[in-house]
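Before any questions on binding or motion, here is one chain by itself as structure tokens, the form predicted on its own.
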């Protein structure tokens, strides 16, 4: 008998597959944003939800991947299909360089360090005008090259491309967190000192979780760049990192599926409130507080309560 989770995921997937055929172009754009934020929160959950450290620099890796992919295609004429994996690998390696010293810190020391690092990267994007064009924005980014006769300059083709990458990323993360390595990550979250005492190389495991999380954010940034074809530094400012954290908390960290749902819910609430821009952040902040008061585990916790009949 199929589990409730699988049935729910199947319904969501069918709905996502039908969106370009039943909704307007605006709704498709919003759906793309929701999928991209879902990919970001899922990758973020690998670090904070499973390994434990609270990070505020995910937007920096998102932006690094976006600008790397865009510049590779614009400056060298490289194909998107080559620029995308290179961007992900480059951000992964960058995550190793950043994570190795930063993860020596714990608790709020690490969180504050990542916050300032994220802001530093935003300043780099803003002031490196020869590369990023700074506040003018980097435009003219080409869409993904045609492959198998599919023209990715169309909205529908781009939507399905991003949806496929989203499914692949979630599948990869699901396999990872349910592997032996995933259990090592969780052991560090539960008690890092004990894990180290029984022989777990906690430094290596944490740096790998941080770097994989960063690399996946970089791939998401590449998809973002070639879908919207215009980059601006403010897209990758500290506010985006904060949004990723909030989306993960709303959905329920440490569940993988929870942050994905949280990203979709928050994205659509913010879009629905565009008619009142001065109220939209106040309203979703109130909703966030209400959800976390009712259930600190977020929406995933609420669903678990309903299933358990609590």
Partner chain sequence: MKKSSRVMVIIMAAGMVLLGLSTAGFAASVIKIGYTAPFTGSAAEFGVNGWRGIQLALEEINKKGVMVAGKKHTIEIKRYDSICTPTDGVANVRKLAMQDKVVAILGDHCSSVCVAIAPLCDQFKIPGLTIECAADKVTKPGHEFYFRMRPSVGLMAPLFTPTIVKKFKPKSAAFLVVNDDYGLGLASAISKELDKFGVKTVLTDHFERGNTDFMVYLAKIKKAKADVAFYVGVVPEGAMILKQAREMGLTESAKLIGSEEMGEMELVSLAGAEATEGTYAVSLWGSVPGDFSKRVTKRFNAPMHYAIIFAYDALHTVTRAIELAQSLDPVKIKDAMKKVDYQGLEGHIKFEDFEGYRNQCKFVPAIIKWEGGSRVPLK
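Numbering follows the first chain given and starts at 1. No experiment lies behind these values; they were computed from the predicted model shown.
This protein has a second form, the form predicted together with the partner chain, left out of what is shown; the following refers to that one.
> Is the partner chain close enough to 82, 145 and 165 in the model of the complex that each of the three has a heavy atom within 4.5 Å of it?
No, the candidate spot makes no contact with the partner chain.
> Please pick out the stretch from 195 to 203, 231 to 239, 69 to 77, 173 to 181 that is in contact with the partner chain in the model of the complex, where contact means heavy atoms within 4.5 Å.
One stretch meets the cut-off, namely 231 to 239.
> Only one of 150, 155, 96, 89 has a non-hydrogen atom within 4.5 angstroms of the partner chain in the model of the complex; which is it?
Looking at the other structure, the residue within range turns out to be 155.
> Consider residue 27 of the chain shown here, and say whether it contacts the partner chain in the model of the complex, taking contact as heavy atoms within 4.5 Å.
Output for residue 27 is yes: heavy atoms within 4.5 Å of the partner chain.
> Residue 210 near the partner chain in the model of the complex, any heavy atom under 4.5 Å?
Flag for residue 210 set to no.
> Which residues from 264 to 281 come close to the partner chain in the model of the complex, meaning a heavy atom within 4.5 Å?
Contacts from 264 to 281: 271, 274, 275, 277, 278, 280, 281.
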